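Alright, here's a single protein chain in two forms, structure 1 and structure 2, each given by itself as structure tokens.
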Structure 1
Amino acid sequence: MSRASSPEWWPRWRRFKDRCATLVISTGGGVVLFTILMLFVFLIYEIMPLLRPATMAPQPPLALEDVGAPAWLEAEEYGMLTFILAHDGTARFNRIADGSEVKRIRVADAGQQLVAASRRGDGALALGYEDGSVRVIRGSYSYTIRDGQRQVKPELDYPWGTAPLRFGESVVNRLAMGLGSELMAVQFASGELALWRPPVTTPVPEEGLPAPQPSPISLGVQPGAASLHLMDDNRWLVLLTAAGSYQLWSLMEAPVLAAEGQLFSNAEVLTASTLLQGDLSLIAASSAGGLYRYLVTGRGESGRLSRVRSYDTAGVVIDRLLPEHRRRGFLAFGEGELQWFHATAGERSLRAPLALDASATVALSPRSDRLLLVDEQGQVRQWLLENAHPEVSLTSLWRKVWYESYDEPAWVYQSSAASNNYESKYSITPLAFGTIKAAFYAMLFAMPVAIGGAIYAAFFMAPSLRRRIKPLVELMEAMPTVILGFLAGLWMAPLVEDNLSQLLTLIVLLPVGVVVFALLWSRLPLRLRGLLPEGWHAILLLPVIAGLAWLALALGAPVEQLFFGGDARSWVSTELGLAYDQRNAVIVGIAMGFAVIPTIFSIAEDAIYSVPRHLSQGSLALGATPWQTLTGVVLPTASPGVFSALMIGFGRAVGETMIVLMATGNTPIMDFNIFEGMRTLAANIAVEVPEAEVDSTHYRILFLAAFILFVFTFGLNTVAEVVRQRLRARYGALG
């Protein structure tokens, strides 16, 4: 069928097809554009929650009968139950949903009044009675799933036995329970301070049998405590008085008073104090609105309480502190407001009005998602809280932080450890530093080789040779980095360790040897020199360089004898005082340098080669030597292109993963020592992301690392691209 005789719908069909094609193509372009945007947006979407402030939403209050102001209040894990302990010794569990009572147990005999309660660690609660006896209880919950609904059954445990333990006749004034409920510190109204260890009990002591009495250790009469704290796996006991003085007892062996002093300067008075999760940090608030974090530094008798950080309460005097159960965060109440801090991040993530009477009791649920408050009237008020990633703030990511168990502030990246109590340390700085270090040493090696090679290939090399060298370099660019990394880690690292002096000799010998050879060559008779075609120096040098490498290997041993006392490896550690890792920055520098040489070479070569010829020809015609022409005319013109080549090469080195992963020990250290390794942002992602729990802080930190890499390399490439565009325009104008 010829087009001329095509039916009348034919043109319309063609127009339709044309429109369809445009649509399909535009859709394809749109999808690609969308994907690129998605890459950017998704990374931001994953890291945004890190910086989101906390929220607090009030829930309808519950009215419970005959509660009064309780002695103790806590919330069960899933926010289903409250546990309220009244001063008269009634312990009761109520449903949060409707206020109905689930269970009621008396933990005091009739007429006994509870005077102190303190809870630490595994949820054990120490009760002190007016008659000087103590008892340890613990609310425990068992769960069953019925019809897809979680059911909870509360129970009360007595880890130290059901019968109260009696020590003195005096009234219990203050109590502290150690981690794992293995130690209790008690101060009586008489001022006597004592330590108790738990009696050895059968799991469920039989009714009626007298509980075995533990033997308490008396620490003598001490000033009246406002609070007692057992810190760091019961290694320390801290006694704080209302006046703001402290006593630090070391409990490692026989208890000994390690230090005494004032918490605050001036005449400030202690208004509140608490330990944070892990029992390593003490938070204390002063009457002047100060809020400080203290750590115990040193060991044994030389232990000291050091103030490591202060928190900005905006002048509010804090009179109540409430620690989180699973994080180093705490709530601070005072002057009718609530402030939420994280001890490590140091930032306030929430500030909200909340009046708290002296007799009211507050509790945080174990997951920090619910705040309960019982006031004098027995009304239970509650709020839902949300604060997903309080441990991260801009300052804690980049600045030095004084972590627990450290003697000074430091940049630390350590995302996990064996201990449960461990606080993850997310400082991006060591990773960024490692990234820059690796890229720096790579550029140190790559720059001279790549730029020198590019200059020669573009300006001096014979065209026939250049046509062959270029594809070879492109081929080199496609070399999988996993192979370079493998060779670097398994072959080169041990080789370099054994042949340090040989490597050093090679570095010195190569340029010197080439120049000496060139000098000798220039003294040869013209007839001989004429045999070498123009621009084939590089080929002539191949055997020379191979020979020099062999010479360096042979000279290595004498050099080692002469300069390094026979063993360069130990010379580095003894004479220079530098640590030596087998997989270090030298190895990374060489391997990664090798990976970026082709990139830099080919872009720089393009830039130099495209310098309009009449410029160099003019210069040569005026009598300049080729080298003078190059440095005076060609390079200044091409320098933006060379610069952009370096930037692109640097960008590649920054993002390279496999080489760094395989050729270093991946320790996140902050040391520019060339003989030590590093951990880079990229390698860190590769190592840790498979283990990171989805949507955890750790996971988002890794996305943040990816985002930093993305923005950095994208920016670098954009700048390089702009520079190249400008250069192209300039060449166009010159030509």
Structure 2
Amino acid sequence: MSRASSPEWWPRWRRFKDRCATLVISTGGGVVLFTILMLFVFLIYEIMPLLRPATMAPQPPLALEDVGAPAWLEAEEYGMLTFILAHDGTARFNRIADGSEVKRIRVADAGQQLVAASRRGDGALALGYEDGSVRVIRGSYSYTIRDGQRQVKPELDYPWGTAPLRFGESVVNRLAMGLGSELMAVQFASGELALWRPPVTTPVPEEGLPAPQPSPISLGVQPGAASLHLMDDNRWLVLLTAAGSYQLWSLMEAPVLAAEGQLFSNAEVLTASTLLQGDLSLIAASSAGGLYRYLVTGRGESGRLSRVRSYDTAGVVIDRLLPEHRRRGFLAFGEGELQWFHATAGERSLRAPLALDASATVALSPRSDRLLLVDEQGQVRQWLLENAHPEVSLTSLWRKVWYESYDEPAWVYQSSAASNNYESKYSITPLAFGTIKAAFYAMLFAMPVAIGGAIYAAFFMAPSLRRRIKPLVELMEAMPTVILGFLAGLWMAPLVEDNLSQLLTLIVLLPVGVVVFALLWSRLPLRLRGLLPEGWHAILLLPVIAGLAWLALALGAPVEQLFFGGDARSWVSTELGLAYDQRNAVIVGIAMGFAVIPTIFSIAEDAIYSVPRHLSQGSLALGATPWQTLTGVVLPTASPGVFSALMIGFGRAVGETMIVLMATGNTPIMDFNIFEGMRTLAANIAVEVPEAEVDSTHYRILFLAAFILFVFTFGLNTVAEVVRQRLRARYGALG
């Protein structure tokens, strides 16, 4: 129908359809952008609690009768009871809600006075008396539910028996209780230092009589201790003096003095010390406002006390330390204020005014959610605490940290372990490094294959052959990556391990063989070369590649014997110093390369094929060779599309999950070794999501990993688009 004969309503109908299409497309794009924005906001929402500072809220004080400055103070698990131990040996359990007394027990003989106390993570409390005797008690609680309310019944146990243990007549100066109540260290006012193990109460089967009680192991007269600490599952004894010196005793076999030294420099003296949960870290404060973390490094008699971290107290001199029960955190008191630190994160999460008298006693609840203080007037003050994720900081996430039982600082990601004393390690750096490593090796394999194939298919290949080859390559993209990962992990990884020399031989033979074949082909008479239609030359390479693969397999054993001493894997380990894992970066690069190749090939081939024919034909007409035309005209014009193909392929490699999950060892290590594996951000999320407790630090760290992956891919795509637009502006005029 001609324009003149068109109905009058036709232009209006066409404009209406254009507007509807514009509205639908714009709405769809807006919905996509809104969804991405909401995803971004949701990830931020889940991550924000990691950055939330600690809080401290005062509660009404408790009015308890007949309570002076106690020798010991504890809080029960659920914040229902307090356990107060007076110097005269009276143990009292009181309700925190109203201060009423629940139970009172005597843990001292008539006339005995408590002078020292030490508690360990299993709840055992060692009590030292002025007459030189020691008793070990443990508070225990039984719970019942009545009328929908939790009821608690307190008791006292005596793990070492009810009778006090006597070491001598001298007053107990300091004592330390070992983890598990399996060892006790005591120093008397005379300076004598001794070790004591729990009494054996099981009968001897032959005679039916109690076994003889072991005698304490004397370590001789030592300098007066300001504090004693049994560390690392009772393997080490640390004696600290007020002057800041220390003795480190190895207890692995016969007790031996392993090291002596000074904690501080510049004549600083010790003002406070404590062990953190797990008994592997020692925190010590100095008179100059220093606050430091120490670990025992070395083994046996070569052990030493090493300073691994310092904490910023803003110049405040700390005179009291209080460790958390279940985390590597601690409270530091000094100069009328409270500071809350986490040993691993290294940052202060709370600073608040709180004055302590010299005789005041403080206690932290097992869940670190309640702080109790009994002053010299006997008043019990309390605060509710909240510090959900103190172990997370920029230091612990991205920098090297000197973790317990490590010989040096390291980037470590390990979210869980079987031991209760385990210290969670949430370094994101090895995961980010593993993501880049996996994508790099995948692109190293995929990029030359995909781009080379796209160039040949679009510029050199015969159209009839191209119509058959391109759909086959694009069909590879439909293959589930879980299948590729399965084949890579269970079939290709052992195959490569058993035929490592054959693979190395093929890597050398393949490019050399193809070049030699091309050279020989070019030397054939034109009459013979003309028998093959133009653009079908790639078919000739199929038998060549197959023959080279067969030759590599045949030469693998002689090559391995000649160059690698008969074992290529051992040669890699011994001569190159590279560890070899069966599932490594080679396997990931090949498997993930196959997943990425179709994407890069398809986009790049379309970009090259879309270059206007008059450009290439004009170049050829002016005397340029096909190769000069390709490099000087076609590729620059298609460079925006080729670059987009590479960036999209790289983005897919970064976000790939199943292949890296199944074809690597999933070990979060910082090593670019091609023969070792890695763990990526995406694989880590897939592995650990099922075991993450909702709202835990581990749970939110996984959201942080997802956020980092999201930001990385978003930033990568943004940079790619900027570069693509500049390439288009530069070379667009050629079209």
Partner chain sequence: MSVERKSLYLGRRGGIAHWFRSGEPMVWLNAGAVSFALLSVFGLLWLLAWHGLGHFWPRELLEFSVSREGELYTVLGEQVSRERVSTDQLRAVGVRTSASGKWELRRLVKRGNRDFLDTDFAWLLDSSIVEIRRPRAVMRVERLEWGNLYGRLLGIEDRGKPVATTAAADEAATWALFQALVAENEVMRAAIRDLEGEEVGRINFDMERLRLRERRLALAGEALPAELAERRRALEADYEVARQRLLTLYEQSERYSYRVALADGREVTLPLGQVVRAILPNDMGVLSKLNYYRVRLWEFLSDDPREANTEGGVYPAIFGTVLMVLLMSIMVTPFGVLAAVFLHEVAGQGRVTRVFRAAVNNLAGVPSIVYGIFGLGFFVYGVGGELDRLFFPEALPSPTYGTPGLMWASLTLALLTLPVVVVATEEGLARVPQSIREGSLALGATRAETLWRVVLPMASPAMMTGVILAVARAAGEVAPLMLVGVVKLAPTLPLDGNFPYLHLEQKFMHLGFHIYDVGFQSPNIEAARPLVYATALLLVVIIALLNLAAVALRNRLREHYAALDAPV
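For residue numbers, the reference is structure 1: its sequence is counted from 1. Between two forms, the rigid core is defined as the largest C-alpha subset superposing within 1.5 Å. Just so it is clear, the model here is predicted, and its values are computed rather than measured.
Peer 1: Could you point me to the form predicted on its own, 1 or 2?
Peer 2: Answer is structure 2, the other one does not fit.
Peer 1: Taking the rigid core as the reference frame, tell me whether Gly315 has a CA displacement of 2 angstroms or more between structure 1 and structure 2.
Peer 2: The answer is no; the displacement is under 2 Å.
Peer 1: Hey, does Tyr141 budge by 2 Å or more at the Cα between structure 1 and structure 2 once the core is superposed?
Peer 2: Tyr141: C-alpha displaced by less than 2 Å between structure 1 and structure 2.
Peer 1: Is Ala360 among the residues whose Cα moves by 2 Å or more between structure 1 and structure 2 after superposition of the rigid core?
Peer 2: The answer is no; the displacement is under 2 Å.
Peer 1: Arg523: how far does its C-alpha move between structure 1 and structure 2, core aligned, in angstrom?
Peer 2: Its C-alpha position differs by 4.6 Å.
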